[in-house]
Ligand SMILES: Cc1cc2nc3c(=O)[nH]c(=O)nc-3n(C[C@H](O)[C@H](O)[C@H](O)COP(=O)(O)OP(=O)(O)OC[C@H]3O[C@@H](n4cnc5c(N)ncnc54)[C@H](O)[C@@H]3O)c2cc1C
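The chain below stands alone, shown as structure tokens; this is the form predicted alone.
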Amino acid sequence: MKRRSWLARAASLPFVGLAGCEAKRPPAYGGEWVGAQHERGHRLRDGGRTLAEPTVHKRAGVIIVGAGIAGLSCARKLALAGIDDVHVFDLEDGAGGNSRAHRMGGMACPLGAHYLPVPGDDAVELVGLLESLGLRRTEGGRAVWDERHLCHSPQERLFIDGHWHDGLLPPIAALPESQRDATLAQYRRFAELVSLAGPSGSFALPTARAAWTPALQALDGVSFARWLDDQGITAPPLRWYLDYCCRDDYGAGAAQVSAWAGLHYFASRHGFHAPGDDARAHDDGVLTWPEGNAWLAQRLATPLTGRLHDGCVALALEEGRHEVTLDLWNAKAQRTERWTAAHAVLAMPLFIATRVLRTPPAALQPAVAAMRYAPWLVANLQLSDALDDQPGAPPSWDNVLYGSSTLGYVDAMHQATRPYPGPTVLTAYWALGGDNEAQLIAQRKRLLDQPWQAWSQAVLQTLVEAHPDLPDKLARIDLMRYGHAMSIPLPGVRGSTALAALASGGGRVQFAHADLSGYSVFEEAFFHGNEAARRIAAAFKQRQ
């Protein structure tokens, strides 16, 4: 099948699967929608500012709107600077944003982000956090990681044509013989292109510390798919893998993300290595836990006891000369509140900030106009027993099906130390950003409109090819839906002057979110939270 035909078919899978599910009898397993309270967010969208005048008035030193990784890291940095009159508000019933957790059958599992690659030296602030948590220490000038928190082996495998294979890059031996030589040559060619993409430091994390050149600006100006076409990278197995990588990190396919982003996926971390390239290992290490990055979020949130207010919808933020005023709807107390503070941090997606700020800065609207957000579905499948396995590589932490429109699944109990297989939770991920804006909009609508039963059946159908015994061992499926999970690094977003202006701060209202980097990963969110706190701490010090 030609690549374009395959992509068109893959993009239609959610629709075909759902349509087929609706006519079937209800599933025998239980489950429900969990986690997100999108109805609360729609209160703001649908006119939340018309609520009654606040009945409760409170003051704080700093208010942070958003308890995702950026907001939590901002609060932590302020505390380290001696500023503890900080109150954090979040729409949901718990902190963490895209890094929240769930439990099924007594087992922890993620509701979103589930790993953190071992950071490099450029991520100074993040390294500091990990050292404070005992995950990293320095011995003899070298970083030493606590092995209990690194992903256990085997780490990754790929299901192709009835067999499991080590790693996620389609192995040459598993391909039709007619494709092998050409595909291997293109693997090597792409590895060379990644190594030549930019001078040292071009793809550092966080990106604010990376080099930026006219050549990188040009890469940011075209889609990854178009750039690959121009480079002659057309081998179907490699194109499938690169598209998978884009969906995995950015929520949308290679036709939407920029060439800079497509290369950044590899060049910022472990590079790309063709089969037989033993110059250096490419498993730099991954930190992970049964509950995913919620393990980190929970430790960031714990010091905020009494100052973390969940179930609160920010309605309007106004910046005055001497203070800022936030009106919010407290869903738990069923009342409107007004909070006044010296400074405020908007640790939320920028498109939401446009609705909250009464007088937004000039850069905010053009920045948001250039952005697009990917919808996601996260499915946690509780199993009563271990699955029977197909031939090949053994069960791994990350398990991906070649040709699937989903991203496969991770095993929540992979990090457990039990010496035998048994009940577990599989967390399946489905990035629904598609290959263009029309697909994205249609899939977001279906994500919100279609019932839990239809989506749970669609998830199950994507996995039974590799696990025919899955339906008999399935006890429950809990689904988490994100309508706007993450900013897609579209062409032009990385080099946006509007985003750069927002990230530089100014005034009493600071922005702190991974959106400021144009894409959503833990490292970027943590960095921008720390930067906002640094600017506020400097303002406090100046007034003393």
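These figures come from a predicted structure and were not determined experimentally. In case it trips you up, residue 1 is the first one in the sequence shown, and so on.
The next section is about a form of this same protein that is not shown, the form predicted together with the ligand.
Using a 4.5 angstroms heavy atom cutoff to the ligand in the predicted complex, none of 167, 183 and 402 count as contacting. Picking from 509-517, 471-479, 55-63, 496-504 the stretch near the ligand in the predicted complex, with a 4.5 Å limit on heavy atoms, gives 509-517. With the partner omitted from this view, the residue of 439, 202, 293, 396 that lies near the ligand in the predicted complex is 293 [heavy atom within 4.5 Å]. Checking 242, 383, 352, 197 for any heavy atom within 4.5 Å of the ligand in the predicted complex turns up a single hit: 352. The ligand is not shown here, and in the predicted complex it never comes within 4.5 Å of any heavy atom of residue 227. Not displayed here, the ligand is approached by residue 92 to within 4.5 Å at the level of heavy atoms in the predicted complex.
Proximity of residue 523 to the ligand in the predicted complex falls within the 4.5 Å heavy atom cutoff. Heavy atoms of residue 313 reach within 4.5 Å of the ligand in the predicted complex, making it an interface residue. Interface residues of 354-387, taken as those with a heavy atom within 4.5 Å of the ligand in the predicted complex (partner not displayed): 356, 376, 378, in sequence order.
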